[in-house]
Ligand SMILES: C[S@@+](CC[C@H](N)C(=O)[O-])C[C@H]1O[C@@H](n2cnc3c(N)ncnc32)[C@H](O)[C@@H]1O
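First, one chain by itself: the form predicted alone, in C-alpha coordinates.
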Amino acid sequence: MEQEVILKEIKEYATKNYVPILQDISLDLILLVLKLKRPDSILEIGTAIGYSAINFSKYLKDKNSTILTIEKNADMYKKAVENIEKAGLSNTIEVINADATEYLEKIDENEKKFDVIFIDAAKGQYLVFLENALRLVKKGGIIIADNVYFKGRVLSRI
(Lines give C-alpha, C1' and ligand atoms only; values in the text may rest on other atoms or scores of the structure.)
Protein backbone atom coordinates (compact mmCIF):
# COMPACT_ATOMS: atom_id res chain seq x y z
CA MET A 1 0.00 0.00 0.00
CA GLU A 2 1.26 3.46 -0.88
CA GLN A 3 2.79 5.36 2.05
CA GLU A 4 0.63 8.47 1.56
CA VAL A 5 -2.52 6.34 1.73
CA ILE A 6 -1.26 4.68 4.91
CA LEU A 7 -0.46 8.07 6.47
CA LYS A 8 -3.95 9.31 5.61
CA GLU A 9 -5.46 6.22 7.26
CA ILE A 10 -3.29 6.71 10.36
CA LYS A 11 -4.32 10.35 10.60
CA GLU A 12 -8.01 9.43 10.29
CA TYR A 13 -7.60 6.72 12.95
CA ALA A 14 -5.88 9.21 15.25
CA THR A 15 -8.65 11.76 14.85
CA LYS A 16 -11.41 9.19 15.39
CA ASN A 17 -9.70 7.64 18.43
CA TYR A 18 -8.28 10.83 20.01
CA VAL A 19 -4.68 9.75 19.53
CA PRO A 20 -2.32 12.75 19.74
CA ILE A 21 -0.26 13.12 16.58
CA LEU A 22 1.69 16.05 15.18
CA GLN A 23 -0.40 18.90 13.86
CA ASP A 24 0.11 19.61 10.17
CA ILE A 25 1.88 22.94 10.73
CA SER A 26 4.36 21.37 13.18
CA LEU A 27 4.90 18.39 10.90
CA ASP A 28 5.57 20.63 7.91
CA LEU A 29 8.22 22.58 9.82
CA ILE A 30 9.94 19.43 11.11
CA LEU A 31 9.90 17.84 7.65
CA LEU A 32 11.54 20.98 6.24
CA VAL A 33 14.29 20.70 8.88
CA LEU A 34 14.76 17.00 8.06
CA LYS A 35 14.83 17.71 4.32
CA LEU A 36 17.66 20.19 4.90
CA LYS A 37 19.52 18.01 7.42
CA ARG A 38 19.08 14.60 5.71
CA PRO A 39 19.82 12.73 8.97
CA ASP A 40 21.38 9.30 9.12
CA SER A 41 19.80 8.58 12.51
CA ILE A 42 16.76 9.89 14.37
CA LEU A 43 15.68 9.24 17.94
CA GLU A 44 11.99 9.84 18.61
CA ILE A 45 10.77 9.95 22.19
CA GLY A 46 7.05 9.23 22.05
CA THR A 47 5.95 7.07 19.11
CA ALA A 48 2.17 7.05 19.61
CA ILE A 49 0.96 5.12 16.55
CA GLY A 50 3.95 5.73 14.27
CA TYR A 51 2.65 8.71 12.29
CA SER A 52 5.66 10.95 12.89
CA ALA A 53 8.28 8.26 12.38
CA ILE A 54 6.75 7.18 9.07
CA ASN A 55 6.69 10.80 7.90
CA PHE A 56 10.27 11.37 9.09
CA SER A 57 11.52 8.32 7.17
CA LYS A 58 10.98 10.18 3.87
CA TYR A 59 13.92 12.47 4.63
CA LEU A 60 16.52 10.06 5.95
CA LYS A 61 19.96 10.24 4.34
CA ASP A 62 19.77 6.85 2.60
CA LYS A 63 18.38 3.30 2.78
CA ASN A 64 20.77 2.41 5.64
CA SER A 65 19.58 5.28 7.83
CA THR A 66 17.46 4.48 10.88
CA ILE A 67 14.87 5.77 13.30
CA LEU A 68 14.72 4.53 16.88
CA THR A 69 11.43 5.41 18.53
CA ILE A 70 10.26 4.76 22.10
CA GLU A 71 6.66 4.27 23.23
CA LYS A 72 5.57 3.45 26.77
CA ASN A 73 1.91 2.57 26.11
CA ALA A 74 1.60 -1.09 25.03
CA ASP A 75 -1.51 -0.53 22.89
CA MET A 76 0.06 2.43 21.07
CA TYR A 77 3.27 0.42 20.62
CA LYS A 78 1.36 -2.46 18.97
CA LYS A 79 -0.50 -0.08 16.67
CA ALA A 80 2.76 1.69 15.76
CA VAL A 81 4.46 -1.60 14.88
CA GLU A 82 1.44 -2.57 12.77
CA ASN A 83 1.46 0.79 10.93
CA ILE A 84 5.21 0.71 10.36
CA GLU A 85 5.00 -2.84 8.98
CA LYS A 86 2.11 -1.80 6.70
CA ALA A 87 4.28 1.07 5.42
CA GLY A 88 7.12 -1.37 4.70
CA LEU A 89 9.49 0.38 7.11
CA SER A 90 10.25 -2.33 9.68
CA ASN A 91 13.90 -2.38 8.61
CA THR A 92 14.20 1.39 8.97
CA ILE A 93 12.13 2.16 12.07
CA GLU A 94 12.72 0.29 15.33
CA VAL A 95 9.99 0.71 17.92
CA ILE A 96 10.87 0.10 21.57
CA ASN A 97 8.10 -0.55 24.12
CA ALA A 98 9.57 1.08 27.24
CA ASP A 99 9.43 4.01 29.60
CA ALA A 100 11.71 6.53 27.86
CA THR A 101 12.90 8.02 31.16
CA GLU A 102 14.40 4.62 31.99
CA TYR A 103 15.35 3.44 28.49
CA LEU A 104 17.29 6.58 27.55
CA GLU A 105 19.56 6.11 30.56
CA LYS A 106 20.62 2.73 29.10
CA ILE A 107 21.83 4.20 25.80
CA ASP A 108 25.61 4.65 25.95
CA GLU A 109 26.51 7.95 24.29
CA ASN A 110 29.95 6.52 23.46
CA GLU A 111 28.28 3.83 21.31
CA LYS A 112 25.22 5.57 19.87
CA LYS A 113 24.44 9.18 19.01
CA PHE A 114 21.74 10.68 16.81
CA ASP A 115 21.65 13.38 14.13
CA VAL A 116 18.13 14.43 15.15
CA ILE A 117 16.23 13.86 18.38
CA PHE A 118 12.50 14.53 18.46
CA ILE A 119 10.79 14.82 21.86
CA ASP A 120 7.02 14.37 21.92
CA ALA A 121 6.10 12.33 24.99
CA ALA A 122 5.05 12.91 28.62
CA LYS A 123 5.22 16.69 28.90
CA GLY A 124 6.06 16.56 32.61
CA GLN A 125 9.23 14.60 31.77
CA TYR A 126 10.65 16.98 29.15
CA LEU A 127 13.52 18.05 31.37
CA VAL A 128 14.66 14.41 31.75
CA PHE A 129 14.24 13.89 28.01
CA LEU A 130 16.19 17.06 27.23
CA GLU A 131 19.07 16.09 29.53
CA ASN A 132 19.35 12.76 27.73
CA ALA A 133 18.93 14.37 24.32
CA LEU A 134 21.84 16.71 25.02
CA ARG A 135 23.94 13.68 25.91
CA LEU A 136 22.86 11.64 22.87
CA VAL A 137 22.81 14.20 20.05
CA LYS A 138 25.74 14.28 17.65
CA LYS A 139 27.82 17.43 17.35
CA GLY A 140 25.93 19.61 14.89
CA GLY A 141 22.77 17.60 15.52
CA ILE A 142 19.29 18.96 16.14
CA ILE A 143 16.92 18.53 19.08
CA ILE A 144 13.25 19.25 18.40
CA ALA A 145 10.63 19.34 21.15
CA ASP A 146 6.91 19.50 20.42
CA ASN A 147 4.35 21.26 22.64
CA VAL A 148 6.80 22.99 24.98
CA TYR A 149 4.00 25.33 26.05
CA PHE A 150 1.54 22.47 26.62
CA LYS A 151 -0.67 23.69 29.50
CA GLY A 152 2.43 25.07 31.22
CA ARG A 153 3.65 21.58 32.15
CA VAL A 154 7.00 21.99 30.44
CA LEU A 155 8.07 25.56 30.98
CA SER A 156 6.99 25.49 34.61
CA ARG A 157 9.61 22.79 35.28
CA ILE A 158 12.56 24.61 33.72
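The numbering used is simple: start at 1 and walk along the sequence shown. Predicted model only: the values in this text are computed from it and were never measured.
Form predicted together with the ligand: not shown, discussed below.
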Touches the ligand in the model of the complex: residue 117 (any heavy atom, 4.5 Å): no
I'd like to check something about residue 125: if you look in the model of the complex, is any of its heavy atoms closer than or equal to 4.5 Å to a heavy atom of the ligand? yes
Please tell me whether any heavy atom belonging to residue 94 falls inside 4.5 Å of a heavy atom of the ligand, as the geometry stands in the model of the complex. no
Can residue 21 be called a contact residue for the ligand in the model of the complex at 4.5 Å between heavy atoms? yes
Per contact check vs the ligand in the model of the complex (non-hydrogen atom within 4.5 angstroms), the hit among 57 to 65, 33 to 41, 94 to 102, 108 to 116 is 94 to 102
Can you list, in sequence order, the residues from 66 to 84 that come within 4.5 Å of the ligand in the model of the complex, counting heavy atoms only? 70, 71, 72, 73, 76
